[in-house]
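Have a look below at one chain only, the form predicted alone, in structure tokens format.
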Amino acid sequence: MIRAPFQLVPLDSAQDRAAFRSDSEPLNRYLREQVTQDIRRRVAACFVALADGQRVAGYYTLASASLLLTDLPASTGKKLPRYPTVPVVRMGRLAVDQAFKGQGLGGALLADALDRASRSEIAAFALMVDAKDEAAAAFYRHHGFIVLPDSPLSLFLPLATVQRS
């Protein structure tokens, strides 16, 4: 029997977060020091990829948000109702431990986030991200995300485009 290399689950207190080391110290610190407060306050949900049962190999966060209709590309905005804002799911953070880089885990975490957002019973037009830098923005563009016209590091992917199996 072949075992999946990672298990994707909601974060809980039993998982080892102390050993997590991505290339971004703010993302490491967030996982170690702040994420449980955000979960408790219901301002973010955190999902982790576990290796060997309890070691966090990667994580991402999701939260509800909105985009101004006028911030979307005109070709997208004209297809939507004329409300001032559009509901979206914001992926606030995405990080992979250095020991697990190059294994496609970032893409797998993104796919899981898109799947969770598209399956939600609460309506949302898109998954939105604020990339930390141009390399991160390129990662999202590679996966089909669209750049907001006036903010090159803010991108979105309409959830209607997500293939449901």
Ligand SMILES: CC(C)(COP(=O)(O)OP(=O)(O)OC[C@H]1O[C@@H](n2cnc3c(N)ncnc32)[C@H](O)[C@@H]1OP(=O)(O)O)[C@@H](O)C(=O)NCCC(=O)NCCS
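Numbering starts at 1 and runs along the sequence shown. Note that this is a predicted model, so its numbers are computed, not measured.
One more form of this protein exists, namely the form predicted in complex with the ligand; it is left out here, but the text below deals with it.
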{"query": "Heavy atom within 4.5 Å of the ligand in the predicted complex - the one residue of Val89, Val86, Leu72, Leu94 that qualifies", "finding": "Leu94"}
{"query": "Contacting member of Ala99, Ala138, Val43, Ile122, with respect to the ligand in the predicted complex [4.5 Å, heavy atom]", "finding": "Ala138"}
{"query": "Residue contact check: Gly104 to the ligand in the predicted complex, 4.5 Å heavy atom", "finding": "yes"}
{"query": "Contact flag, Arg116 vs the ligand in the predicted complex, heavy atom cut 4.5 Å", "finding": "no"}
{"query": "Non-hydrogen atom contact Ser154 with the ligand in the predicted complex at 4.5 angstroms", "finding": "no"}
{"query": "The ligand contact at Arg55 in the predicted complex, heavy atom, 4.5 Å", "finding": "no"}
{"query": "Residue stretch of 127-135, 31-39, 46-54, 61-69 approaching the ligand in the predicted complex, non-hydrogen atom distance within 4.5 Å", "finding": "127-135"}
{"query": "Candidate site Arg82, Val147 and Asp150: all three near the ligand in the predicted complex by heavy atom within 4.5 Å", "finding": "no"}
{"query": "Contacts with the ligand in the predicted complex - residues in 26-51 whose heavy atoms fall within 4.5 Å", "finding": "Leu27"}
